[in-house]
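The data below hold one chain only, encoded as structure tokens and taken in the form predicted on its own.
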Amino acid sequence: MESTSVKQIIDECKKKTRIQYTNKGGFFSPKLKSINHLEVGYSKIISNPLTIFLERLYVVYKNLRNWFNSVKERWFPRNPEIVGTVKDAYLTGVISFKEKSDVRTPIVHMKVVFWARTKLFQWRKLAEGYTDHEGVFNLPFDLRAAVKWANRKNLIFEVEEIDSIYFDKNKVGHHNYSVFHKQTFPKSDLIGMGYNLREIQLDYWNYRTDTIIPRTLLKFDNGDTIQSYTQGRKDALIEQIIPIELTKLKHLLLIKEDSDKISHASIQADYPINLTQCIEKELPGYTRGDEWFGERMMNGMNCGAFMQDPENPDVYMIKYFGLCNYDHNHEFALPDVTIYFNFNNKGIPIPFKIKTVGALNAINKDQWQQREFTPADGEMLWLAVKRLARSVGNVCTEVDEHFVGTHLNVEQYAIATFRNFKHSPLSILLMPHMREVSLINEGADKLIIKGFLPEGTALNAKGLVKRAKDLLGMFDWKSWRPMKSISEDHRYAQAENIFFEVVENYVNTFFEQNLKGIISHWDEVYRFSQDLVNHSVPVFLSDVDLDALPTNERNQALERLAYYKFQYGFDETVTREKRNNQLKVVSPITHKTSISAEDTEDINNLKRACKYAIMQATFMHTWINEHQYDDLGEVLYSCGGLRFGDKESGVLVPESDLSIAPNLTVTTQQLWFANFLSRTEYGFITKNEDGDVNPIFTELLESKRADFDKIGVSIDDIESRTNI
């Protein structure tokens, strides 16, 4: 068939399988409290009729609650004007991060507000201000206004956090605040000119102590919580997840009650058709061919890093590292895989050799055994080894680049952002792109680390955590650059470079407009940098004595280091800092608490760090997430793990041999999972559903719409922050 016809068919299938939504939920639809309410197995949101009835009652309660809250806001507004004229008293105290150490870290520039409420429940603002560099606040107020008889007996002290960002018609960003913590005390206690609340320790964006990976706590014993999903996101998730939740639940019930009535084929047929299935209907065998294999490795979910072969610069390689001595089960194969490519005249990489290191069957479990495959080995074997390569690539991409690179990596920037940026304009720049990632990651602990991946791949939860820590040790803002395009068909790299140009222009423009404010609050940048460095993981292998390792392990470790340096743009020659005798991976941005406009090195460091964080949270995450269902939505074509089976041939058998395919439970879980990750239609730059994306960013992206269209990429699909 002519290549133009092939391209037309593929383009048409991309249109047909593009994710769209018609289900809008409804009054009697099962409701979802949050992403963390989901399960990989039996659903918590859909179960027996009693639960559904209770859910309906909850909907009624929620609607009444929302109505009541709106009435309260109208009838009992929080008047922004401060009452009283004579500031003859003061409220003081100090706010710090809750820590076990004797010397605690102050929370600087935190907004605090002092309120009274009348006996008719009207709000009266007595004072407001911010904590200083020591976390101390001092709020002058009118004593008579506070203790007047019309006020209720208890006064209210509130600590407020920046909840969201919004932009006015002049494209100027502003803060929306919400109450993070409050406490009351009797107005009768105001017997002198000053009242001291003493030290208030807050669990505010605290780093978790149960893991070396920089993570934050979200909920606390005193009832305080940090952030929540926007209502729009929760509504969108409910609408999108219910159909596939119902599908998964049906399959799990059939498997439990009578597995003879369900099969891989029937499970697959119940989920929406994906890209490979659509193409196969029109071009049988094409998606199993070499051209499609290479095209997806370059432009699909895996978007692999093509490294030139040092022995032959005309040959390119992709490397996937499998078990690597991480804790694992013995059901699934996960060898190291190296794929060798030449390019055809269309600029598509064509595989001509695949090397594996590791076990391929249940009989010979030697993890260092090496095999080499080429098309000369016969069509059946070549098809099987390409399928194995896809499977290993899926695991590595999902764990290393998706979860670690765009979730955990972004969370460390989010924590440092929300802990420190209060007065700096950088809160306007970064917060819209850092929002919700910590909430998402809490759900991922269950859904990914303790859910699908241990059930459907070779790695168990312990192995996944160790791997995540190791890979995070290769992510640093200092030397990262977008991927170089290596052919005219390398659309992923071309799109990444165009988008990075947009990010560069946006950040540079923002700094030009806000440099004075950024410099005047440079102490916040210093603390931001310190948090990033202090809590980052060690550089990969920096805490390992390579000479003490067995030869095979040492060689593998060095090979991983060399490839990861290329893949993630890591420069080991950059001067890094040690904390507690660990060489920290994240480079410091600044060592100064104050600077001038002449300190261009520090300013440029900050620009690069901001560009990196925004890039990872937006485009880098979007590409992998958006293509999950394209490349993982047909389970026999590509899956998270191929089972060894009990034959000597192991994983090197045709797709028709279901003994190595994922079992029925894992099959529906994978298809649910791929749908769940790709069907995240909320939080986009151009749509700007929450109104928190800087209009300048949107305009710069819109100016590149034609360039993106030329390579078949829609800017309307690029997310404004790390999504599910």
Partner chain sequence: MSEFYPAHKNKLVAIFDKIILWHTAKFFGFLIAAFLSFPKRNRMSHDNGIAGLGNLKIVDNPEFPEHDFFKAGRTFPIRVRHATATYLDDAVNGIRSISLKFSQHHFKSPFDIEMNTGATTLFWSAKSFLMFAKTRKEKYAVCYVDYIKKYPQGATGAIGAMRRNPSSFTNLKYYGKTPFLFKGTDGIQRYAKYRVVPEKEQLETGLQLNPCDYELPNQRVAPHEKNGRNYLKYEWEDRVKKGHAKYKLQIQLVTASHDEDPEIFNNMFPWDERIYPWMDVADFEITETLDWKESTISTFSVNNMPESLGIIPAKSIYDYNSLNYMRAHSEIARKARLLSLKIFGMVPPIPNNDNRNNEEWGK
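This is a predicted model, so every value here is computed, not measured. Residue numbers count along the first chain shown, from 1.
Not on display, but discussed next: the form predicted in complex with its partner chain.
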Practice task
May I ask you to state whether residue 508 is within 4.5 Å of its partner chain in the predicted bound form, using heavy atom distances?
Solution key: no
Practice task
Could you confirm whether residue 144 comes within 4.5 Å of its partner chain in the predicted bound form, counting heavy atoms only?
Solution key: yes
Exercise for the section: Although its partner chain is absent from this view, report whether residue 188 comes within 4.5 Å of it in the predicted bound form, heavy atoms only. Expected result: yes
Problem - Contact of residue 570 with its partner chain in the predicted bound form (heavy atom, 4.5 Å) - result: no
Exercise for the section: Just one of 325-333, 309-317, 449-457, 193-201 has residues with a heavy atom within 4.5 Å of its partner chain in the predicted bound form, so point it out. Expected result: 193-201
Problem - Single option in 559, 282, 99, 88 placed near its partner chain in the predicted bound form, where near means a heavy atom within 4.5 Å - result: 88
Completion exercise
Note: exactly one of 342, 92, 593, 178 sits with a heavy atom within 4.5 Å of its partner chain in the predicted bound form, namely 92
